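First comes one chain, alone, set out as structure tokens in the form predicted alone.
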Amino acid sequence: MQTFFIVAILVFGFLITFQIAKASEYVSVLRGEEKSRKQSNRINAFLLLAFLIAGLFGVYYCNETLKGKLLKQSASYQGEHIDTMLWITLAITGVVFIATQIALFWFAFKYQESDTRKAYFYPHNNKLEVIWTVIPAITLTVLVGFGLYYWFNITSEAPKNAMVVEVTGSQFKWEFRYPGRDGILGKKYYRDINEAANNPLGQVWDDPANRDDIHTTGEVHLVVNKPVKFIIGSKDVIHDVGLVHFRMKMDAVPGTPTTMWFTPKYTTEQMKKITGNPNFVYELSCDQMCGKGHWSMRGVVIVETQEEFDSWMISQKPQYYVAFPEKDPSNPAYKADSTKTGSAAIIPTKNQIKTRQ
């Protein structure tokens, strides 16, 4: 119903404007072109003033309506600085926007054509030109400087204790890979990608580091208060890792890995209480138009405690054993012969994970 009223108001406003324009044409015929132009100027000046008032009210109304629906705080420590930078930027540009728009529309109303006033031409002033060029340039330089500082911060080398997760996008899903107990991600080769052979990322099985890597789809697990480094790539077109709750964003480019790191502040369960939403989930979206299924390219980020993460890791099977089930020690058909596996790759135990960390 609300949408109907908004559309009706817009249509009604258009009709009024159209009728005013038609009336102006008739007046032009009856009174002559000059009188018609002056009347049109008065009408336009009034409409500009009305648009200014309605526009400022609309900005205020939208702000009051939507501010409660936005996440008020970042879910990562790095995102706090980005929020601060954005608020400063909005404050500066907001003041400039309101001041210039009020001046623009008010001057159009106040100084409309008049028979009792002669126009004053002020074509050039060097001092004013320098002022309105230098001040915005300095302000924008400072804002850009802050942006570069925070950008280099999240794309710099992650802390030594950071966990590593590889994020791979493809039309239209997200895949994740975790290093096993060796803490090293195995090598990949795009020509080895073979979904039918249970090798969706093109892992090189001759590399021993691949024997314990964990592969998941659609859902990534992170540890609260622990830095995480994302190694991001794509298998087809350009995608974009969008983590709105953490204030993070990074392109996924085919053949060119990108990285970023951050530290989650709250677990998923804590965020359910903070937001008052029992169905809350951290979302990983694709923020780059990547095809007709772009809208459905969504992943879920689960932030949990270290103990919960360790238990989840233990329950996962390395992708090597998914591709070669006959080499899986948990497979009844497997014979305890180390020569068959060619490595000491085993599923990490909970104690082994804790020792490594």
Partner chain sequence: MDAMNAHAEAIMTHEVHYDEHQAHHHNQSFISKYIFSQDHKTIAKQFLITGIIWAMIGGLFSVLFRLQLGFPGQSFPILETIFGKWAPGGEIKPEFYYALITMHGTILVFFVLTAGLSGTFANLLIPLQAGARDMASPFLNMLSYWFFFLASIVMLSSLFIQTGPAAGGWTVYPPLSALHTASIGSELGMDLWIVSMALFVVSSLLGGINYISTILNMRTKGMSMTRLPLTIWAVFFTAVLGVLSFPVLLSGLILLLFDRNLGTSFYLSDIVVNGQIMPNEGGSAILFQHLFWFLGHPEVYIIILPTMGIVSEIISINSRKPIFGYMAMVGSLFAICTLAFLVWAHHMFVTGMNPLLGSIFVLLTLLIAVPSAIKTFNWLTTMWRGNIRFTPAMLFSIGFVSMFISGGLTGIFVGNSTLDIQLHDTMFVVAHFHIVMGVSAFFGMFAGLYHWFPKMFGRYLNTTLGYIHFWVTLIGAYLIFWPMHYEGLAGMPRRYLDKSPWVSFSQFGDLDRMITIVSIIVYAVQLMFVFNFFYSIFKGRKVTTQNPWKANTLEWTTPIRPGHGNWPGEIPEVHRWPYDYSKDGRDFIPQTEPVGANESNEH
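Please read these numbers as outputs of a predicted model, since none were measured by experiment. Positions refer to the first chain, counted from 1. Heads up, when I say rigid core I mean the largest set of C-alphas that superpose within 1.5 Å between the two forms.
Just so you know, the form predicted together with the partner chain exists too; it's not on screen, but the next bit is about it.
Residues of just one listed stretch (203-211, 281-289, 218-226, 261-269) have heavy atoms within 4.5 Å of the partner chain in the predicted bound form: 281-289. Among heavy atoms of F18, some come within 4.5 Å of the partner chain in the predicted bound form. For D182, no non-hydrogen atom is located within 4.5 Å of the partner chain in the predicted bound form, even though that partner is not displayed. Within this chain, A162 is remote from the site of the partner chain in the predicted bound form, having no heavy atom within 4.5 Å.
Remark: I302 does not count among the residues lining the partner chain in the predicted bound form, judged by a heavy atom distance of 4.5 Å or less. Residues S40, N41, N44, A45, L47, L48, F51, V59, C62, N63 are the members of 38-64 with a non-hydrogen atom no more than 4.5 angstroms from the partner chain in the predicted bound form. Taking 2 Å as the criterion, I184 does not count as shifted between this form and the one not shown: its C-alpha moves by less than this amount when the rigid core is aligned.
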